[in-house]
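One chain comes next, on its own, written out as structure tokens in the form predicted alone.
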């Protein structure tokens, strides 16, 4: 394979200005304010904890950003081999002009101070977006988010629905829903009306998607209001819920969300396969893992019932990617979406990317999303994906199939940018 070919393709892909279709950015504080924000990202805290740093040292109440970085830096030497460390060093080079080969106990304070000065600049957020080649970023908004005080054309709302589906039995969730909609969810019909109010609010503010993270054992079923109604009479009462009743309530709410996605022509992002709190002693956001027993067969009824809804699907494991490829191959409304969490390292991205490009219609692939919490991570994450994509395009299409380089770049542009616009912005 010609290295120069990959470099040329990479350079062309880097020219593409992107819309990031999934992140956890806080639009009121999108960029980092210090190096502690960057090293506080769960990838670094969980890896440092895995390498021996006690959780109590990472999450000590009242700890300053400088002190947190001081404690984390000695453990970075143990993770220099990881993709996440490569992200860190790329950010430091590009954003903070850091030229050292590694971040060590001898040089971290110099970097901390230099980064702090850069981040204090009033246009830092705009600088980061420009250097990262990002035009807009999708958010992950709580269902009761007022969606005010930020530019919704730059930071695009997305209705996150995990609490509604999995925690409606909690009084605080029902209270939040009542406050947000003016409707108390005391009956199945009232709950449908309340959810409808949420969709009305979000779409009026420019929302382009609904999203949910799902455990491997979840199976959505079509539950009508009549069958769900008896369960609402028990909400608020102190009694145990059996598994069947819990599943019925969750399916009713989930199916209701899918119906409103159809009505409002919103794609429904499904992030499938995460088990929460597997490692209960882990750091914040470092407790969840995927499950090898996960399958998409549980969603067959959903995909069949809502052919008009686009379902961008993310999976956690390389093994399930083949199943996702097959579903997207067959179902017109199933979209392969990004490389999520534990699959977000080059070795898995490359294999999964090859499978998708060779098997799935090119109009049905969302190549990548950042999943970031701070803006600075968009740059190294998308750069990593672009490099992998350029390699796959070079090997599988230019060399193996004799495609022109321009044709390969056009395919890259389609899955990096064009499909985001077509899937999320055309109603």
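Quantities reported herein were computed from a predicted structural model and do not represent experimental measurements. Positions refer to the first chain, counted from 1.
Only in words, not in the display: the form predicted in complex with another copy of the chain, which the text now covers.
- The single contact residue among 118, 197, 300, 154, judged by any heavy atom lying within 4.5 Å of another copy of the chain in the model of the complex, is 300.
- Here is the short version: of 169, 178, 82, 110, the single residue with a heavy atom within 4.5 Å of another copy of the chain in the model of the complex is 82.
- If you check another copy of the chain in the model of the complex, you find no heavy atom from any of 4, 106 and 369 within 4.5 Å.
- Looking at 141-149, 228-236, 352-360, 184-192, the stretch with residues near another copy of the chain in the model of the complex, meaning non-hydrogen atoms within 4.5 angstroms, turns out to be 352-360.
- Contact annotation for residue 400: at least one heavy atom lies within 4.5 Å of another copy of the chain in the model of the complex.
- At a distance threshold of 4.5 angstroms between non-hydrogen atoms, residue 212 is out of contact with another copy of the chain in the model of the complex.
- Mapping the unseen interface onto this chain, residue 316 counts among the residues with a heavy atom inside 4.5 Å of another copy of the chain in the model of the complex.
- At least one heavy atom of residue 43 is located within 4.5 Å of another copy of the chain in the model of the complex.
- Although another copy of the chain is not shown here, in the model of the complex the stretch 317-342 places heavy atoms of 317, 318, 319, 322, 323, 326, 327, 328, 329, 330, 331, 332, 341, 342 within 4.5 Å of it, in sequence order.
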